[in-house]
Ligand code: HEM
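One chain comes next, on its own, written out as C-alpha cells in the form predicted alone.
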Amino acid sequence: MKRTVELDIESAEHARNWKSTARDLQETCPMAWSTTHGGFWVATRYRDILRLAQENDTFTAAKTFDPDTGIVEGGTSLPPMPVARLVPAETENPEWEGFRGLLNPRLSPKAVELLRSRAEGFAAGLIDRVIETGRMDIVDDYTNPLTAMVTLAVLGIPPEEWRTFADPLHALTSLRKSDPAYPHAIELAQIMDKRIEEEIDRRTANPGDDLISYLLNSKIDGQALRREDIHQMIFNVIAGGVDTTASLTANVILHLQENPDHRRRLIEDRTLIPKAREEFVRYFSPLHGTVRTAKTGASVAGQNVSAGDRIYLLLASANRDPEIFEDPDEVVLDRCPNRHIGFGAGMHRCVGSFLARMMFETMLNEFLDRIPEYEVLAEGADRYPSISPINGWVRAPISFPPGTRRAAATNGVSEGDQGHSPGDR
C-alpha cells in the first residue's frame, strides 16, 4: 500500500527530526510518497538506496537547465537548483565515462598525497591566526577556508580567494529554495561563475600544471572538451571539495567535545583516525541525500514507481540502517567492516573522496595537536537551516586555553587574510 507523507526535506523540522522520521519509514514503509515539492518518493533503506544508485539504466542523475526560461529537469537536488548541470555528477553515459576518466587520475590517492604537505601548511597557518586569542569559529576560521584553499590549489586558483567560492556554495546548500536570501545566493554563484571564466581564459593564454590547464588540453574520443563542460567540471570539483568536508569536520569536532573519551582515544592513538574517519562519514553523512529520476516504470520496495518520478535517496538513513549496521546510532570509532555509502554509491560515487579523506585527516590532526582542550559555545552554534543536500553548520564558535604560534612563518596563509568576499569584487 502506498503511504503518503508530508515530508519537506528542506524544512527546519526535517533537520531536527530526520532520525526519527527515517527510522519510522524504514520500519513501516521504506519507499514513501511525499506530497511536497511537486511530489517525490523518499527511499530510506540501505539495500533500496544502493539499488537506486547503481541501476543507471532505470534511475538517472542527468539534468537539463534552460537559462533563458529557468526550467530545470532532473538532477541530484530537490527542489532542483536553477543552475547548469554539474559535470560529471549530473551526466550519464556515454558522457559520464569520458568526463570521469579525465578526473580520476587527477584526484587519485597518489595525486592527493602530493597535496598533503600544502594542506598541512594551510591548517597550521589557520590555527596560528587564532591560537593566541583562545577563541575561534570552527567553520569560518578553519574548516571552510581550508577545504576551499586546498580545492583551489588543485585548480590553480589563488587560495586567498577562498571566500569567493566557498560563500556561494554554503548559501546554495544551506538555504531553502524559497528563502528570501536564496536569490542573493544565486547572485554570488554568478560571481563565482565569472571567476571561473576568467581562470579558463587565463589558463588558455598561459597553461600551467593544474587541473584547469589539464582539462583545457584534454580530449575525449579525439575531441576537445566544450568550454561549458570544462566550466561545470570546475564547478563540480569546487562544490564537492568544499562544503561536504567542511561540514563533516565541524560535526566531528563538536562531537569530540561532547564525547571526551573519543577525543582522548584519537589524541592518544592517531592510527585509529582512518577507521574513525569512515565511521564519522557514516554517522554524520555530510551528503545527507541525493536524487534520481525514474527513466522507466519500476517496482522498488513493493511500490510502483512511474517514469519521470523523482526519488530522494536519504543516504543518512541508509547509513543508520539496522539491517546493515550493528548499533547504527552509536559512533564506533574502530567499526570494521564499514559498508557506509556516505560518498554515494554506483558510478556517481564521489570522485573527490580521496581528497576529502586527506583534508579531513589533516584538519583533525592539526586541531588535536594544537587545541586538545576546548569548549563549544553553544549559544553561538547554528546548524544549516536546511540539510537536504548537506548536513552542516553555519557557525560553531569555541573557546580554548590560548597557545603559541608555530615558528614556520604563516605556512602559506596570509596574516589576517580572511579571503575576498564575493560582494567585494
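Throughout, we count residues from 1 along the sequence that is shown. Nothing here was measured: the structure is a model prediction, and the numbers come from that model.
The form predicted together with protoporphyrin IX containing FE (HEM) exists for this protein as well; it is not shown, and the discussion that follows is about that form.
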Within 4.5 Å of protoporphyrin IX containing FE (HEM) in the predicted complex by heavy atoms, the stretch out of 302-310, 123-131, 232-240, 177-185 is 232-240
Does any heavy atom of residue 98 come within 4.5 Å of a heavy atom of protoporphyrin IX containing FE (HEM) in the predicted complex? no
Can any non-hydrogen atom of residue 89 be found within 4.5 angstroms of protoporphyrin IX containing FE (HEM) in the predicted complex?
-> yes
Check whether residue 349 has any heavy atom within 4.5 Å of a heavy atom of protoporphyrin IX containing FE (HEM) in the predicted complex, and answer yes or no.
-> yes
(message) Is residue 396 part of the interface with protoporphyrin IX containing FE (HEM) in the predicted complex - any heavy atom within 4.5 Å?
(response) no
Residue within 4.5 Å of protoporphyrin IX containing FE (HEM) in the predicted complex by heavy atom, from 82, 344, 328, 74, is 344
None of 317, 164, 173, 290 but one has a heavy atom within 4.5 Å of protoporphyrin IX containing FE (HEM) in the predicted complex; the exception is 290
_Check for me: heavy atom within 4.5 Å of protoporphyrin IX containing FE (HEM) in the predicted complex, for each of 107, 245 and 356, yes or no._
yes
